[in-house]
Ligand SMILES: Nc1ncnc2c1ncn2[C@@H]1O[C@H](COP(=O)(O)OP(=O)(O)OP(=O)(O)O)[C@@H](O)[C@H]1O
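Below you'll find only one chain, the form predicted alone, shown as structure tokens.
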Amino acid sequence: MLELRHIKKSYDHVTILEDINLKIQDGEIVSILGPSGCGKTTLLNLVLGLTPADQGRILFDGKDITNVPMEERGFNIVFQDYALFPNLNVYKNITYGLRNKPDISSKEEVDEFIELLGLKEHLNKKIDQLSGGQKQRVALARTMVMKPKILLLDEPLSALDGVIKESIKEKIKEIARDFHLTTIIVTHDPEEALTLSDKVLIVNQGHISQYGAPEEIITAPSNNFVKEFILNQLEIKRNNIFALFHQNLTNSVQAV
């Protein structure tokens, strides 16, 4: 279990997170949701160990890891921009981290992750030959071969749409389920959070507004902010989809 107790974080005397208390059970998928600037990415970086907390404690399986360096925590992150190496092919990107730690995953285990993520036919390709969804799967495979204790994802679906986004969502669910892997996702998209996660953490102005199962968030929002944020964001998404559909229809008519 991952536990955060009374976490506080400030930058330049501006409080970003205040009195954050959170428990995430082993194998859960938790999405951190909230408006821009609310502290979502800061919270992810605190768990990763990329930035230190000003106050409070972080515990993992009962051990205090508040001051444990990032490289010793055994967590791993997939960044929004994938952070792949363009000069290496897909296979070398996937196995890059094993160069210094070859005993973490055997060749058979690497092949299992490649098969799971549908990358077998792309192994000799360079990164610029891949689609966005394929790049995301490579980034997931590269992280999984390092066998992280917790998987952290920063806006993993923001550059994807349609069928590709749904495919990656299913892969994330499958990985979390099959490997009983605690997964924490930062997202700005309520629909993504509500359909992907076991629990959703909604953050507003550095505080936790609500933490619960998706059905609780939808049927019993804890305050007006949660209710309005969810409804407004879903309405914006619906409007954007309608506008895109209308534009595509207009383009088709003009082409004719």
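Position 1 is the first residue in the sequence shown; the rest follow in order. Since the model is a prediction, treat every value here as computed from it, not as a measurement.
This protein has a second form, the form predicted in complex with the named molecule, left out of what is shown; the following refers to that one.
Shown without its partner, this chain lists 56, 35, 214, 49 as candidates; in the predicted complex, only 35 has a non-hydrogen atom within 4.5 angstroms of the named molecule. Although the partner is absent here, residue 197 is not a contact residue: none of its heavy atoms lies within 4.5 angstroms of the named molecule in the predicted complex. Using a 4.5 Å cutoff between non-hydrogen atoms, residue 31 does not count as a contact of the named molecule in the predicted complex. Residue 42 belongs to the set of residues with a heavy atom inside 4.5 Å of the named molecule in the predicted complex. Not displayed here, the named molecule is kept clear of residue 22 by more than 4.5 Å at the level of heavy atoms in the predicted complex.
Along 57-89, a non-hydrogen atom within 4.5 Å of the named molecule in the predicted complex is carried only by 80.
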